[in-house]
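In structure tokens, the next block holds one chain alone, the form predicted alone.
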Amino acid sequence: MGTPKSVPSFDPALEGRLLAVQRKIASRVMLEDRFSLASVAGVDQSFVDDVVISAAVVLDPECSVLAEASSRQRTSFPYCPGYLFFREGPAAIKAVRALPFRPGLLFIDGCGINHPRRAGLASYIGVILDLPTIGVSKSVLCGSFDLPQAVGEAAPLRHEDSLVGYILKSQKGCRPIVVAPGHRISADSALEVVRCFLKDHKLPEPCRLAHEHARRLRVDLLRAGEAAL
């Protein structure tokens, strides 16, 4: 998705309310391993103007697609790093809830605890749905790290003296990805699981297939020439 040239600012009262919500979410995040790989899902978003299109895909351990679901709804919340849930979260939650069954683990395109307030999109969705979640993103929102060089190599991502995820070189010729726990999984297990679901692409299969599904839905909506819900 595109990033605006400028990042909007919020009035102090609104920002205070948003920060309070994030602190509440962060206080409920669990980093113990309480997940299953019997079925895993990915969810990703795309946009047509102010309409958020969310696509969820469930896979078995061999990466065969078991189910798909989607949602779309309008948003008035602007793009702003660190506040992604308020823009994309409601549609993503709706898409996951539309799946015919609950997956044992959910991959999310976004941050988990690798967030200034430990409340990235993956942590939000995990807490609200009470699902184990992993955040997989393409850029670092916060923290320091040494850049991994070899395919398969991972380097710790640390923020304020805490391990918040890993930088993983997932594919030759591609920039590394960021892997972080969202909820009900540890940082080390999140990295191990992501490695298990890497095939021949930069992103793990649940993320890649959810992204492709969201892209197809966006193309279909554009072709239909309608953004009305």
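Note that residue numbering follows the sequence shown and begins at 1. Owing to the predicted nature of the structure, the values given are computational and were not obtained by experimental measurement.
Keep in mind the form predicted in complex with the DNA is missing from the figure; the text below concerns it.
Taking the partner from elsewhere, every residue among 45, 81 and 109 has a non-hydrogen atom within 4.5 angstroms of the DNA in the predicted complex. Although the partner is absent here, residue 93 lies well away from the DNA in the predicted complex, with no heavy atom inside 4.5 Å.
For the chain shown alone, residue 129 is not a contact residue for the DNA in the predicted complex, no non-hydrogen atom being within 4.5 angstroms. Residue contact with the DNA in the predicted complex: residue 218 places a heavy atom within 4.5 Å of it. Proximity of residue 157 to the DNA in the predicted complex falls outside the 4.5 Å heavy atom cutoff. Only one segment in the set 67-75, 116-124, 96-104, 148-156 has any non-hydrogen atom within 4.5 angstroms of the DNA in the predicted complex, and it is 116-124.
Interface residues of 115-142, taken as those with a heavy atom within 4.5 Å of the DNA in the predicted complex (partner not displayed): 115, 120, 121, 137, 138, 139, 140, 141, in sequence order.
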